[in-house]
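One chain follows as structure tokens, the form predicted alone.
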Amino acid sequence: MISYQLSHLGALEAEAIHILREMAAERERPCLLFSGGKDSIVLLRLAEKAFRPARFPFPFLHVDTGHNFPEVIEYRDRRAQQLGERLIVARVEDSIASGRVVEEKGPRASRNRLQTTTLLDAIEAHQFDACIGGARRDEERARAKERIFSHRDEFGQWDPKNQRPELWSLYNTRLRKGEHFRVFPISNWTELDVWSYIQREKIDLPSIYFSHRRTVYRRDGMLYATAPFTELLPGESTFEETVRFRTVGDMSCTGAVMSDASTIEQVIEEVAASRVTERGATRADDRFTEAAMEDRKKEGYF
């Protein structure tokens, strides 16, 4: 008898592909949340392996704050076109214009927290019953409470105390009218796993994930990229620094890290040596309170 043993990445890949196929078999109107960030880029490669040469059984959905990194938006559009898949862009600016949300003002203003309303409105408008996301359990404490098939009620809200057991990788995918799932195929991956998979699969990424010179300013111990909407506080000034981004999101709350890592191999070395999670190091929106992420997730955030 011949015995086959999967590698660590092979086992993670097989689990994620199984989850994607299970979701496609059980839900009628899924979508894939695609931001152009590395985790959702990995989801695209997994979806290719799960469903190609057929078309994906879902469109892409991106909630665009209007304050995203230009390099990431360019990558998002280019990748969707290359794959020939449908991209739906839900814009926070439209939510502001329609009065659904009120835009913050001042130097610390951010549209990041406004995304929840835009996302929930898009889910309702398109009647999505499953949203596939690239969240991982090692990112943040609230993320660690998620199930792989994470239930949301008819208001799009998450109750961490009322989630379904997933023993032996069996998933309860039943829903009542108006409810939906957030599905996380790479829940069991780490940041290092993601980068190792990107290296193995030779996946192209937006350039901001690698070392480059950028005009930045320092605030609350973090480095932020300047943008047309940037308002500096008294005493703040801009300067050039060699940086890269570990995670991407709204520019107003996503910090850079000083880094000379210009190749995937160098990034992997850097990530392996890091003792701070990517969100803990570079996402200001998680610093409002100890339970900032959990509070937003209960309201319907990603």
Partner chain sequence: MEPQNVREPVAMEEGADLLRFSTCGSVDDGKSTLIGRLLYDTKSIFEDQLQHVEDVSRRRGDEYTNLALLTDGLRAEREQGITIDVAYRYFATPRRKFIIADTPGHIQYTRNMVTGASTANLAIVLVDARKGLVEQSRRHSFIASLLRIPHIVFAVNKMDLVDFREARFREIESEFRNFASKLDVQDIAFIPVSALKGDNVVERSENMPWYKGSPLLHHLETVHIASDRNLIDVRFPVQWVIRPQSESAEHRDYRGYAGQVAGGVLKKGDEVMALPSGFTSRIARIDTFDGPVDEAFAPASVTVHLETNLDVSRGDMLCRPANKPMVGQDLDAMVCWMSDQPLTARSRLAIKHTTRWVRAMVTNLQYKLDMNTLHREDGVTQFGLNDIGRVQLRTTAPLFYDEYRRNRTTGSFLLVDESTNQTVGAGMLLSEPR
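Remember, predicted model here, so these are calculated numbers, not experimental data. Numbering follows the first chain given and starts at 1.
Unshown form predicted together with its partner chain; subsequent notes refer to it.
Quick check on this chain: which one of H212, R218, K145, R91 has a heavy atom within 4.5 Å of its partner chain in the predicted complex? Checked against the cut-off, the match is K145.
Which listed residue (Q199, T230, Q163, T117) meets the criterion of a heavy atom within 4.5 Å of its partner chain in the predicted complex? So the residue touching its partner chain in the predicted complex, by this definition, is Q163.
If contact means a heavy atom within 4.5 Å, which one of 221-229, 118-126, 101-109, 182-190 is the stretch that engages its partner chain in the predicted complex? Flagged stretch: 182-190.
Are all three of I41, I96 and M258 close to its partner chain in the predicted complex, meaning a heavy atom of each within 4.5 Å? Per the other structure, none of I41, I96 and M258 touch its partner chain.
Considering non-hydrogen atoms and a 4.5 Å limit, does its partner chain approach A50 in the predicted complex? So A50 counts as contacting its partner chain.
Its partner chain contact in the predicted complex: I203, any heavy atom under 4.5 Å: No, I203 is distant from the partner.
Against its partner chain in the predicted complex, would G66 count as a contact residue? Criterion: heavy atoms within 4.5 Å. Heavy-atom contact with its partner chain at 4.5 Å: absent for G66.
Does T277 make contact with its partner chain in the predicted complex, using a 4.5 Å heavy atom cut-off? T277: yes, in contact with its partner chain in the predicted complex.
In the predicted complex, which residues of 13-39 put a heavy atom within 4.5 Å of its partner chain? The stretch touches the partner through A14, E15, I17, H18, R21, E22, A24, A25, E26.
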